[in-house]
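For reference, the chain that follows is the form predicted alone, supplied as structure tokens.
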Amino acid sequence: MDARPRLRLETDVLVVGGGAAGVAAAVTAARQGLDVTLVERYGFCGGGAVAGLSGTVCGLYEATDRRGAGPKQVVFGFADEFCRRLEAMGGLADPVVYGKTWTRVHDPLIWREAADAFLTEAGVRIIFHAVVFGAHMQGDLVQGLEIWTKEGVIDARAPLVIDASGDADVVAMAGFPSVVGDDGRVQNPTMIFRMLGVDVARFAAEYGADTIMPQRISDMIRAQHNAGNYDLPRAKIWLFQTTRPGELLCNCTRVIGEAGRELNTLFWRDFTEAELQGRRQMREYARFFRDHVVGCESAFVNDTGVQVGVRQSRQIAGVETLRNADVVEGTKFVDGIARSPWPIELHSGDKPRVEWLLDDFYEVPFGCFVPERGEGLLAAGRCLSAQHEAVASARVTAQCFAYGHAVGLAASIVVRDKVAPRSIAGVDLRLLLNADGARLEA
């Protein structure tokens, strides 16, 4: 029982989750004049980019094999606006090489402050340190949410709920159809960390500009792991120079269960095991870097993710589904509301598989965010309706900003015109996005 009085909240839009998609959706809807409430379980926004410490804004630029080609940006709208704010605040580095494309390293502390500024300037009501634990339902209509806070339970009501939880939590609470990975098999989580005290000049001179470390480092990791000198289950690693002097962002762990089983963070036992194992692996990789990576001889760990980074969990079953073939073929849709040039990255085994889309991009249709059954709800972020390999591309930060931008505009139509989300034509939403700086026709 809970003897505390229940609180009542009426709002136009309830956004669950303050990651890139949730922030974009909340700010966009509020700018359209709606009363918007954002619910976030931490005391800051950022989702995987901040709590998971992914540390980069991926998905802005096309990939290419053309020699001498610089980064070609193809994603704009809210993603570009947020990046420009980060840059002005000193929290975003210039584009760096990432295999055949580019990415931008951000400062997660400044990311939090930038999100705070966007939300407060737009007039969004923020509820930090709050967890959604139930959905108010009338048949298949979501009418609001039950939210746990330190003050007590909030009975929140709204004509539209946006599930930007990353894990399709509201979809599951409402009993709407969902899918989990490839027949339940998901990409493994990772514990990302940062190291200070790096001689970045020597590091860069030795290994070059590509943030994917060279094959000789992978070979050394594999040899040292096989010899039993370190526990290093992943050989292909990414090391990024950050906006801070003497610091590297390290994406290298492979958090797995017994007998190589991929851990699924939807299960509390797996989530707990991932955190414990992730921190152990972090120490092993840091020890290896000090012993064997040029410039890291005096380096030390100064931060880890607040939690393991989750690449994949539960996704909605939508009225449309992004297919694996759409990604590799660069499919365009008349109702496409977001672009993505990012490759398929499947993180399994000791060497992640990367499948590039060169000099092109694909589009994601609006129907990927509309549940195939259920009303009063839209999804945003990495829990979109997509096949297993497709979500391995579509889940990254720039695209999540773009999804939130689109869903925030859709929210204004739902509330003002009193229509069901599924009645909105993606082609009309595309026009609104272009008028709002998305540049989908550029």
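Quick caveat, the model's predicted, so the values are computed rather than measured. In case it trips you up, residue 1 is the first one in the sequence shown, and so on.
The following text describes the form predicted together with a small molecule, which does not appear among the structures shown.
**Q** Can you pick the stretch from 410 to 418, 28 to 36, 49 to 57, 65 to 73 whose heavy atoms fall within 4.5 Å of the small molecule in the model of the complex?
**A** Result for this chain: 49 to 57.
**Q** Can any non-hydrogen atom of Ala130 be found within 4.5 angstroms of the small molecule in the model of the complex?
**A** Within the cut-off, so yes.
**Q** May I ask you to state whether Ala406 is within 4.5 Å of the small molecule in the model of the complex, using heavy atom distances?
**A** Output for Ala406 is no: heavy atoms all beyond 4.5 Å of the small molecule.
**Q** Is Leu14 near the small molecule? Define near as a heavy atom within 4.5 Å, in the model of the complex.
**A** Outside the cut-off, so no.
**Q** For Leu377, is any heavy atom within 4.5 Å of the small molecule in the model of the complex, or not?
**A** Heavy-atom contact with the small molecule at 4.5 Å: absent for Leu377.
**Q** To verify the annotation, which of these, Val198, Val161, Val310, Val364, has a non-hydrogen atom within 4.5 Å of the small molecule in the model of the complex?
**A** The residue in contact is Val310.
**Q** Have a look at Pro341, Pro371, Gly77, Gly166 for me and say which one sits with a heavy atom within 4.5 Å of the small molecule in the model of the complex.
**A** After the contact test, the surviving option is Gly166.
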